[in-house]
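As a starting point, one isolated chain is supplied in structure tokens, in the form predicted on its own.
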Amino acid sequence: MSNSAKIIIVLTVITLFSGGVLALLDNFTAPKIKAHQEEVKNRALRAALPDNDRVQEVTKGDYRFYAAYRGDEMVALAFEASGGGYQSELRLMVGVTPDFSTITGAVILEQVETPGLGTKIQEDPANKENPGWFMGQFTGLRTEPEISYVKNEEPGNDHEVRAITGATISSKAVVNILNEHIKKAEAAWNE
């Protein structure tokens, strides 16, 4: 047997073994990953929606809505929104009033922004009293006119948030994602 044939056989065995190990690991970890993602989504829904008796899932257009009810009255809707950040895709859970005029809550589901800068959109370690201050600004925020941000000053309007110093691009990305998806979600819901 030639050296080439031996190398091919050895590499084939290694490849088959490695593929088998990866398949076993995938079968073991996939349910745990799915359960974790479901837990993150449920936590985000609780944070984005006001107190409610039940949540009903409704798909319209490209959106999966989570309609929150108190008794027979719908009190809010939540949906996922995503878009580009500074260096990663940002995924948010957004809660709005039924008329889409006010945000009831917004939570980061997934982000991989620059550690220590862009990650402050989710948790700012420099603000010991309120590390989630940035996303907390969106609760109660008006969506008309469009949401905007200000730098190095306190917001003066009910549709403005304060951008994070040193992470303006990530701050702006969250604002842009919200503006884009609130309009699209409202159009999908009203169809």
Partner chain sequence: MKEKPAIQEFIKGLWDENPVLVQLLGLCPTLAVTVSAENGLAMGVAATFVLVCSSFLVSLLRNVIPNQVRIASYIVIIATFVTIADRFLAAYTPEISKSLGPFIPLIIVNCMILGRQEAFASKNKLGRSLLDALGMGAGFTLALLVLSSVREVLGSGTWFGMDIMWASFSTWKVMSLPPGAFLTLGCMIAAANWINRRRQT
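Rigid core (definition): largest C-alpha set, two forms, superposition within 1.5 Å. Positions refer to the first chain, counted from 1. On a predicted model such as this, the values are computed, not experimentally measured, just so you know.
The next section is about a form of this same protein that is not shown, the form predicted in complex with its partner chain.
Taking non-hydrogen atoms only, Pro115 approaches its partner chain to within 4.5 angstroms in the model of the complex. With a 4.5 Å cutoff on heavy atoms, Thr29 counts as touching its partner chain in the model of the complex. Proximity of Ala187 to its partner chain in the model of the complex falls outside the 4.5 Å heavy atom cutoff.
Looking at Ala81, you'd find every heavy atom of it more than 4.5 angstroms from its partner chain in the model of the complex. Exactly one of the stretches 155-163, 57-65, 132-140, 30-38 approaches its partner chain in the model of the complex with heavy atoms within 4.5 Å, and it is 30-38. Using a 4.5 Å heavy atom cutoff, Phe17, Val21 and Leu109 all lie near its partner chain in the model of the complex.
Core-superposed comparison between the shown form and the other one: the CA of Ala126 stays below a 2 Å shift. Relative to the superposed core, Arg54 undergoes a Cα shift smaller than 2 Å between the shown form and the other one.
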